[in-house]
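Below you will find one chain, with nothing else, as structure tokens; this is the form predicted on its own, and questions on how it binds or moves follow later.
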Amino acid sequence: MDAAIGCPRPINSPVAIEDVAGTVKDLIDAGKVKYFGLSEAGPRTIRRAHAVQPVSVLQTEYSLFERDVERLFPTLQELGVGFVAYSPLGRGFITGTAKPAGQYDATDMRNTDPRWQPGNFEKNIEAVGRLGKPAAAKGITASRLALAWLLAQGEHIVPIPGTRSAARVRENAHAADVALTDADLAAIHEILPTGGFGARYAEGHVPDWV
């Protein structure tokens, strides 16, 4: 099986990460899986797991709107761990289709997401609008620009945008064809230097990276 096992470690899990890594190592040694991946793990957890079975990849949210994970990059680079960026379009905000909190299905997390709340929402809408200028100068959408920006952050980074549209899949794939200059990156940085307006999650729901 040419596959990876992603092993997020729940907060307060009674299972040591070394035991998880050891179990995956046994599966890899048996030829049942090929790679070992972690999700939402911090430097200490990554190192402890890696010492038992080399970690191939870490998966965490990363986009122009969400930059916290950048503090983990030195560890990933030191250990040679790849990175999979989920929600690379800011949970859909950068597609230009965002609606204010309360206008989504009752089960949609964006109703409580701080970036969709009054005050932050308007600032984020403005930022996405400003991204349209450098995108238009290159003849692309803001979404493709945002994905190209992610790819420009390092060869070890692979974004995984989600969509139900075949046209969107094709558009997103072509982000790999976009070459960003230093001037392009500087313009993007000026618009969103540290991420979107508002926290990643509502208070009390932030992953515990250790």
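Residue numbers here begin at 1 and follow the sequence given. Computed from a predicted model, the values in this text were never measured in an experiment.
What comes next is about the form predicted together with a small molecule, which does not appear here.
Interface membership of Q117, defined by any non-hydrogen atom within 4.5 Å of the small molecule in the predicted bound form, is ruled out. Contact annotation for V128: none of its heavy atoms lies within 4.5 Å of the small molecule in the predicted bound form. Mapping the unseen interface onto this chain, I160 counts among the residues with a heavy atom inside 4.5 Å of the small molecule in the predicted bound form.
Although the partner is absent here, N172 lies within 4.5 Å of the small molecule in the predicted bound form, judged by heavy atoms. Of the listed positions (R44, R168, H156, K32), a single one reaches within 4.5 angstroms of the small molecule by any non-hydrogen atom in the predicted bound form, namely R168. The stretch among 85 to 93, 132 to 140, 69 to 77, 118 to 126 whose residues place heavy atoms within 4.5 Å of the small molecule in the predicted bound form is 85 to 93.
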